[in-house]
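In structure tokens, the next block holds one chain alone, the form predicted alone.
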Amino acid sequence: MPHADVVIVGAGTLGLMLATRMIAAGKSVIVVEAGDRVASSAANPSTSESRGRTHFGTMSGRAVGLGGTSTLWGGQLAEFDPEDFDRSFAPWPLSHADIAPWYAEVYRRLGIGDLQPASFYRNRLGSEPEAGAGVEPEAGAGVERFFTAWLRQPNFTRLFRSEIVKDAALRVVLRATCNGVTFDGDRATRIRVDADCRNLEITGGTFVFALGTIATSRFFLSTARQGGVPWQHDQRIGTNFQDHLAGVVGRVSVSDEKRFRDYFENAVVDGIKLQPKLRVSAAVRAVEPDDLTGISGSFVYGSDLGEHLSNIKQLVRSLGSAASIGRLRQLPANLLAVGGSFAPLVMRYIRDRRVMAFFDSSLDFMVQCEQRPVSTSRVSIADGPVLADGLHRAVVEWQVDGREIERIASFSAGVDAYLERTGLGRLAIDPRVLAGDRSFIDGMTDTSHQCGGLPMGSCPATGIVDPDLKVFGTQNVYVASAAVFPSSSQANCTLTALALTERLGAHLE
């Protein structure tokens, strides 16, 4: 019977990050992964469904297999704000000060380097003056520029290839779905795995479930229905499922194109790729943490050249792989279509390390808004027998409160004032947003930033896992997943989930 010091269920972003940390600490590790060597979304329709309000991420925003959803994302990292951990409607048992050192550790392990404060990049990219430095507060002062960082290598299979292939302390079992846990009292002793249509049991000292948000609820709900687990009577599992709401709130007219480009084109600074965005200012967040945080926005560039430029970028990324052969055949047509725009694009990058944006067709502003937790927004499991993998089918019922429109309206007005104050342009806001019409929310989509379902709390009455991510009622079962988030901030989930995983790794060392 296979045995390891640490058994990790899930070989996605968090599972691989934790596994490599554990073997570096001298632990033996077995990683169990339901998918194959190449991650895919193909199995999602057979194991899950979206009911009611369409949640597109249920089908397309998740991948099963080695590397998991890291094979789909672009590698953008954004930190939660200090106020995000102290919401009256969804408080965390941890503070920003508890997480901040682990953000830095994630940057170190992923080769990001030393990120500077937003004020440094605001000055470096556009010479924007800071409030308090001889600048009086004006209209639009409630909105500020901030910057997200991008990984050079977002695919964690490639990032950790050496450890996966060469380290004898790490064993990865593919095509193996964990569908049961055996306990001796409050201590897990083994997991049951369906591996290539044969049953397998794996014993371990510690068990960590590093599954995606939906898959985490699916597993815990399915095993609760089987019985014999400490969480079998917890009716909160799967509730308060959340995702970000995304939608275009208006069209931008630019007054000063050069300055707009200096402010908002993507940039590479000291080897770090950055994307400038807008959010509610720190001063406003500190005063009104519940009403105006949890929202940010970025510009959406519309161009007839967009598809051709995308093809050229994909070719550069895929050089040396089989995928580059087909794209090379398309290169002449793409270059011809781009025409005279190609040289300025190259020169802009060489001279200024900026990624030139094309918006000859349109320039829109899109918000990404945190949704207020709703108990009826949940992941449940379907009635009837288990599927072939031994688990029940997941049912995602994504629901939205609707009061988010108030934050969206206030923020949009602030963005318009910011653009006017800085001399960059104006934002023509959708009339429904200006009127606070909740029907605007109905047209917003999810962003595949799922979280919630097994939130952390300071005690069993307030959460399903404790601040160290250990499942209440157990001695040695942990959850490394965005499923433990009580709320979702304005930032995508991955960086904070990675920081919590690094913190868990240090706890287990």
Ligand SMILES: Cc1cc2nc3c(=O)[nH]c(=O)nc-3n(C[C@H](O)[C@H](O)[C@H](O)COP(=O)(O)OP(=O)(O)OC[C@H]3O[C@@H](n4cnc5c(N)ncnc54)[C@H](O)[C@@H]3O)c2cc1C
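Numbers for residues come from their place in the sequence shown, where the first is 1. The model shown is predicted, which means the values in this text are computed figures rather than measured ones.
A second form of this protein, the form predicted together with the ligand, is not displayed here; the remarks below concern that form.
- Shown here without its partner, the chain carries Gly126, Arg261 and Thr422, none of which come within 4.5 Å of the ligand in the predicted bound form through any heavy atom.
- With the partner omitted from this view, the residue of Gly75, Gly142, Pro82, Pro230 that lies near the ligand in the predicted bound form is Gly75 [heavy atom within 4.5 Å].
- With the partner removed from view, the residue among Thr177, Asn266, Thr239, Thr206 that has a non-hydrogen atom within 4.5 Å of the ligand in the predicted bound form turns out to be Thr177.
- Within this chain, Val9 lines the site of the ligand in the predicted bound form, having a heavy atom no more than 4.5 Å away.
- Mapping the unseen interface onto this chain, Val379 falls outside it, with no heavy atom inside 4.5 Å of the ligand in the predicted bound form.
- Not displayed here, the ligand is kept clear of Gln490 by more than 4.5 Å at the level of heavy atoms in the predicted bound form.
- Using a 4.5 angstroms limit between non-hydrogen atoms, Ile30 is distant from the ligand in the predicted bound form.
- Exactly one of the stretches 57-65, 437-445, 454-462, 467-475 approaches the ligand in the predicted bound form with heavy atoms within 4.5 Å, and it is 57-65.
- For the partner-free chain shown, just Leu391 of 377-413 comes within 4.5 angstroms of the ligand in the predicted bound form, judged by any non-hydrogen atom.
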